[in-house]
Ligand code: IPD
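Okay, so here's just one chain, in structure tokens, the form predicted alone.
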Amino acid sequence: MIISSVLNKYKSELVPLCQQVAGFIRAELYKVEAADIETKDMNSLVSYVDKEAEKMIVKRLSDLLPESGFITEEGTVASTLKKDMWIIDPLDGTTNFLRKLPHFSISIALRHEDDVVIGIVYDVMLEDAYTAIRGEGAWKGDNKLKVSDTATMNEAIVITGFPYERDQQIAASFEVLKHCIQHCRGIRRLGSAALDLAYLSAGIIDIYYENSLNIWDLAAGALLVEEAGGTVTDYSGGDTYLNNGTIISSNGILHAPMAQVIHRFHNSDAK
């Protein structure tokens, strides 16, 4: 395990790094043109902004921890397995960014061996830094985070997303969505998984679930939720959410009832 003082040093470096990269992203918001946008698939877009932001992050983190490796969304650096791996989404919510919807984030996590030990989710437009250190807690700025104490599903605010591959258990997804519409106070689809998890850690919402995600969408945000007192599992109730791309996260109190709904409609191996 990396000692606490080192993790806190990394945290102190990650916040200004995200502030710098967020400044670049905001500066480009109204400069991106249609010709700058690449389509990875129907529901996944990328621009030079994503790639340049990633390069900025990789360069700084390479200096901060020279022996580390990288897992990145845009693949601007080779992914070579190391004891310490930075997991980076330079712009989570690219479609929102390209459409000028002001809800997108930077997500950076550090995995030491098999354990995510530090994470930051940075709200680019609101300039809020959500950070977490394994075993020490989660913060928004200098304020300690705690998940909500919402006790019943009919009081719950739920966030979800929809699979990029739209034929992927779509009927089951609709059934879960229908249940939440009928039995929860409200349901939202905001478009940045990392920020959704940050909001859960801050007690702004009560439940976030989604499938067909990637490790860079979840690594930092899941640590935030756990360190704020919440619960995170995959759709099967296990701890493989970073690898299988399915996640149920909650304030803990509502985890069992939400998991029951997921299990009712999704196969145990849903991805």
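From a predicted model like this one, the values you see are computed outputs, not experimental measurements. From 1 onward, residues are counted along the sequence shown.
Keep in mind that the form predicted together with ligand IPD is missing from the display, and what follows is about it.
J.: To verify the annotation, which of these, 94, 72, 173, 148, has a non-hydrogen atom within 4.5 Å of ligand IPD in the model of the complex?
T.: Contact residue from the list: 94.
J.: Select from the listed residues 234, 210, 54, 227 the one whose heavy atoms reach within 4.5 Å of ligand IPD in the model of the complex.
T.: Filtering the options by heavy-atom distance leaves 210.
J.: 192-200, 136-144, 175-183, 121-129: which one contacts ligand IPD in the model of the complex at 4.5 Å, heavy atom to heavy atom?
T.: It is 192-200 that comes within 4.5 Å of the partner.
J.: Would you mind checking 1-30 for residues with a heavy atom within 4.5 Å of ligand IPD in the model of the complex?
T.: Residues within 4.5 Å: none in this stretch.
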